[in-house]
Each structure stands twice: as C-alpha cells, then as structure tokens.
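A single chain, nothing else alongside it, follows as structure tokens in the form predicted alone.
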C-alpha cells in the first residue's frame, strides 16, 4: 500500500491522493468507521477505481450498487475462476470450489448441494433452530459481562453446521476453527494466519470429512437416499459422487460450505446486537412491534455486510462507468460499499428496522452465484431475535468490539455485552 494507515489517514481519507487509497488493506476493517469513509470517497470521485499497486496485485474496485449488480449478473463477462477472494489461493493447497467455477461445472456442483436448503428442509429445521436458540439464550448469565460472539453467534452456527453435515455435535467447534483458518493468510485476505497452522488444520479437516464420506458409503442405497446432509447429497449426485477422488475439489467444496454456513449468520447475529446499541430507538421499535423482525433481518444483513467483497476476472474488454476494463483484469465488487450507496439506499449508514425494501441489498450477491443458504441464514437470525425479545429488556454493549483482520470476512472476534432480563 502506497500510503500507510496512520491515525490521520483513517480519520480523513480526503487528505491523501485518490490513487493512494487502497481499500484492499485489511487493517481498514479493524476500525468501525474507517472503511466507510474510504469507500464513500471512491463512490463519489472514482467509482470504477483502478488500483495499480497493492499486496494483491493490480485490480479494479467497483464501489457503486448498480455497477456491482452489473458485474455480478454478467458471469459471461466476468469469470469467478480461479478464486472469489481478492488474493490468489496458495499453490500448496490449491482448493477448488463451485463458487469459484464457471458453468457448466458451477451449476453441476451447486445443484448437488442445494436440496439441503430446499423449502421442505427449511420448514423442518425451524423447530430445531428454535429449540437450540432457546437453550443457548436460557444459558446466558444475567447482569454479568460475557462475549456474545462466543456464547451465542459461534455456538448457534456451529450447532447448525454440524447438523447440515451430520457431523458429531461434540466436535462442532472444529468446524468454526477450520472456517476461520480457510482464508486467513496475508496474501489471500490480508489476515495474520500462517501457512503451517492453516495447512495442518485443513489437512485435519480433509481427514475427518474423508472418514465421514467413507462412513456414508457403507450405508445401503435406501439409507443414503433418505439422508439430506451435505455429504450424502454430494454422494447421491451423478456429477459429484466421485468428488472424494479429487482431493482439492472435495476439500475446497467442504470449506466453501463450512464458510458459507458460518460467516453470514455468525457475524450478522453479532452485528445486529451492535446495531441496536448504536441505534437504541430501533430496538424500542421492535420491542413495541415484534412484527418488524422479518424486515429487520435483511436490514441487519445489509448493515453488517458479512462478506465485504467478491472478485471476478474480465473475460473480455468491458466498458463500465466510462472506464475500459481489459480482458484478464482482476475486478473486485465491494459489497460493503454498494450496501452504503446513497444513490440507491436512503440514509444508508443508519440502521432502520422498518426500512422500505430492506431486501434490496447486495450481501447475498446476484445471478448464478447468489448465496445458496440465504434463507437458512435469515431464519436463524429471525428466530434468535424473536426469542431475544421474549427474554431480555436490554442488551448493553460494554466496549467496542474486536474485528476480524480480513478484507473479505467482515466480522467480529469479540463483543462483550451485559443482559437485563424482562
């Protein structure tokens, strides 16, 4: 990065040359307001911004809502291969996953996993989610400070991930651990992870899921046909039944499904708590009218934007916003910026539980790569808030949260809170 992130730079991004602003610097996301000011300047002055130099090579930043939609919907112009994060995946573990594939391979593999979140399965999961949320919330201490990330967000999403994979519940924290390792490298997302720790963790993950795959193969055809966990669904599809024989593709898709089933829900569950503390009048609104919760859920997901970007590669020269993006150029859609675009969203920095058209946001993407598990994520968040309102009069954030150091996962490592019972 050509300009260091000094305190002055964080406070006033307008004080430096436009071409010095590098929004791929993960340190920017460690500050609650810094990233918003950076993107605001790009949206206003250079919405299709070419970054000549960065730790991730040259790339285009797409920062306005409608331009991001255009890139996301035109998969024939912008390829998802070989990765959807701003950095390139490592050669030592070159993971392949369907979100980073173009058609026809993308659709063949996605369609194999999609039944796990079919409407019928979601309806059957609702009572299970409520049961788990009840147990988690009833176990929380009243009047004592504790970490919401650990006790609620990670706990609920870990339990649901274990269910989706039919993975042993007693080992569910392994899923969260592997999810955190997957992209935590300096050259991939600007994280602080090391290759040694990441490789050891992912090898352990592969071994465990290879064992699960082998266990499922020992079931009869009738037994396997009745199972709807993600491993069984991959085995039951003609296009993916031999995926285990392609280790990097198998591990890549397992990691995709773990991260996808974890990060959106986990960080939105935390982000919603932070939002109602920064906008307490909005908490009063839902306390008076719990019927607003279904509208509040997509507003939480927009306000939080759990994944800050997705990357593409131009398949041909493309004119966009008066700029020429050349074939082979790296293009980064900054969802975190588009979700704060005042041209499309009124008062976008505010959290408004009864916002009109709350579903009109970018967090789940558009087109063929739109998030497969969006309805499951929304269901978990909705049920959690329905149960919160039954129990707690107040959820007080005791200090500013600690954030994930990443330019991809926009999330939290800690949020200390104190509860007041109703």
Partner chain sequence: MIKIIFKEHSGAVHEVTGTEGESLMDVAMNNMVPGIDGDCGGDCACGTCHVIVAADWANKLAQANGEEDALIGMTPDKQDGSRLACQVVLNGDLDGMEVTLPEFQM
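Numbering follows the first chain given and starts at 1. All of these numbers come straight from a predicted model, not from anything done at the bench.
There is another form of this protein, the form predicted in complex with the partner chain, and it is not shown here; the text below is about that form.
Q: Have a look at 37-45, 389-397, 370-378, 52-60 and name the one stretch with heavy atoms inside 4.5 Å of the partner chain in the predicted bound form.
A: Looking at the other structure, the answer is 370-378.
Q: Within 4.5 Å of the partner chain in the predicted bound form: all of 76, 119 and 360, by heavy atom?
A: Per the other structure, all of 76, 119 and 360 touch the partner chain.
Q: Of 217, 199, 90, 114, which residue is found within 4.5 angstroms of the partner chain in the predicted bound form when only non-hydrogen atoms are counted?
A: Looking at the other structure, the residue within range turns out to be 114.
Q: Have a look at 311, 110, 172, 340 for me and say which one sits with a heavy atom within 4.5 Å of the partner chain in the predicted bound form.
A: Filtering the options by heavy-atom distance leaves 110.
Q: If we define contact as a non-hydrogen atom of the residue within 4.5 angstroms of the partner, is residue 69 a contact of the partner chain in the predicted bound form?
A: Close contact exists here: in the predicted bound form, residue 69 approaches the partner chain to within 4.5 Å, heavy atoms only.
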